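This document starts with one chain, in the form predicted on its own, laid out as structure tokens.
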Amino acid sequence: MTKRDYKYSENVSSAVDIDGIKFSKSEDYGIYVHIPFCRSKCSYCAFCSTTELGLQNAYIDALEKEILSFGRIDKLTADTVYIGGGTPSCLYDGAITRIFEALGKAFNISKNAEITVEMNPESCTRELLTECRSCGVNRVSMGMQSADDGVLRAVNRIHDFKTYLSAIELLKAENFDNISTDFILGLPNQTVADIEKCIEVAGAHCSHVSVYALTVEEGTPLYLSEYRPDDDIVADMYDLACERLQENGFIRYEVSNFAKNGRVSRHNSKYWRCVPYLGLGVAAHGYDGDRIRYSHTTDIKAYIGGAAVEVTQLTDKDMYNEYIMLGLRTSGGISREAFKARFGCTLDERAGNNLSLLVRHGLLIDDGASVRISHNKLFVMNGIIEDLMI
């Protein structure tokens, strides 16, 4: 079995090997597995993905080796697993099974674990769902992006809205009742009616919704087309989406995420709470819950070849700024008690006068136990967060 090399980047003061990255048996980890394959690349996508499906077998071989390398340490426990991409549903038959068999050998997967697989409508089949069910998958994230076929074509999505609806019906027929969906605000030619249709469908069929404002990343086809969304229109769409989702029974628990009946994403919540998670596969990131973050190469062929992992040690400043940035994304905000337990001082002592100023101006709410961003200011949270950073 090949041992992948974990190395520190230059700003790290001391070096440890993989066995020294403070993996703790007392923690319940989240596991993220990245699948970088897509049948077609969306024009806005800047994620690590490829349409070279011929690399799949070699990639799954390398991924399996990485997963099994964790068997060298006493088995860690995971209570969430998230297979994302890319498009995991476009993998060859049996690939999902191989991944979960390796995970089962290397980790203790909790009986009540939340296990999610991302899918696209055009590759959601009965055979795939049968395979996922046999692997313990109990949550599916299905990409909608838009309910308007013209908008979908404009960004090179290869499904239409009818295919999306058929995939949702298939999920329900196969007894998947924890379905997340996502759509994007600010796509070319998008209208308010499209947003309302997306929410209507999500309200009827889904337990979780992610709503993202379009970011046109440099180098993507959409960027090269010179399309740029109107920030004011996108902000109005976001306000409308929040209002309509609430009317449909969804509670916003993070700036972009809404859940019915308490079905928040347990896996993604780990990121916002700064607790440990493992990243497996190309471009994946991991965190030990304390000072160590690591990341894989974004070069798929280099990953297959066993490229080293970059490991970075966070400074006190890094840890504070990350905690502020991630905590204030959530509706619960930052617990004063949790902050003091983590940093050994109060939030007021660390944030200084900026905290009281932001509260006084109505940008932050301080109820004595926690500090959070006012719900009507979440869409413009970046400036507020920057004012609290050091």
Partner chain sequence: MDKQKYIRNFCIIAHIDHGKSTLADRLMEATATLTKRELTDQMLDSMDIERERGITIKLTPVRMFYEYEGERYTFNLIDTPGHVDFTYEVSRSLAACEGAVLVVDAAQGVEAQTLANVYLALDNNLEIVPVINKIDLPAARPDEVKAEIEDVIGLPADDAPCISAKEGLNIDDVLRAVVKNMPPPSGDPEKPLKALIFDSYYDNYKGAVCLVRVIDGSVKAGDKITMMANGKCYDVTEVGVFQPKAVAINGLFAGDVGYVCASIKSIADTAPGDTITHADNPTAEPCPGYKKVKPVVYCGIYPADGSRYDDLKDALERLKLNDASLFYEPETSSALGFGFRCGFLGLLHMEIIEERLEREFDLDIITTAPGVVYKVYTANEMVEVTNPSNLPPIGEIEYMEEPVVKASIFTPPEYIGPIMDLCQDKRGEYINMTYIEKTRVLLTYTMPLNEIVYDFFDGLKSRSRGYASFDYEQDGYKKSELVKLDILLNGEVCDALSIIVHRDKAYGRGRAMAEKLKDVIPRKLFEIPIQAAIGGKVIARETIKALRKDVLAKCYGGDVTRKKKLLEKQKEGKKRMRQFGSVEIPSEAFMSVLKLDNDRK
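Keep in mind the model is a prediction, meaning the values are calculated, not measured. Numbering follows the first chain given and starts at 1.
Same protein, other form: the form predicted in complex with the partner chain, not shown, and the subject of what follows.
A heavy atom within 4.5 Å of the partner chain in the predicted complex is found for exactly one of C242, V155, I179, A213: A213. Comment: the partner chain is not present in this chain, but in the predicted complex one of Y59, F37, Y32, Y29 has a heavy atom within 4.5 Å of it, namely Y32. Under a 4.5 angstroms non-hydrogen atom cutoff, the partner chain in the predicted complex lacks K162 among its neighbouring residues.
The partner chain is not drawn, but in the predicted complex it has no heavy atom within 4.5 Å of E196. Contact annotation: V311 falls outside 4.5 Å of the partner chain in the predicted complex, judged by heavy atom distances. Put simply, P121 is far from the partner chain in the predicted complex: not one heavy atom of it is within 4.5 Å.
Although the partner chain is omitted here, in the predicted complex none of A95, F107 and D299 has a heavy atom within 4.5 Å of it. Annotated contact segment (heavy atom within 4.5 Å of the partner chain in the predicted complex): 232-240, selected among 108-116, 232-240, 167-175, 188-196. Taking a 4.5 Å heavy atom cutoff to the partner chain in the predicted complex, the contacting residues in 265-284 are Y271, Y277, A284.
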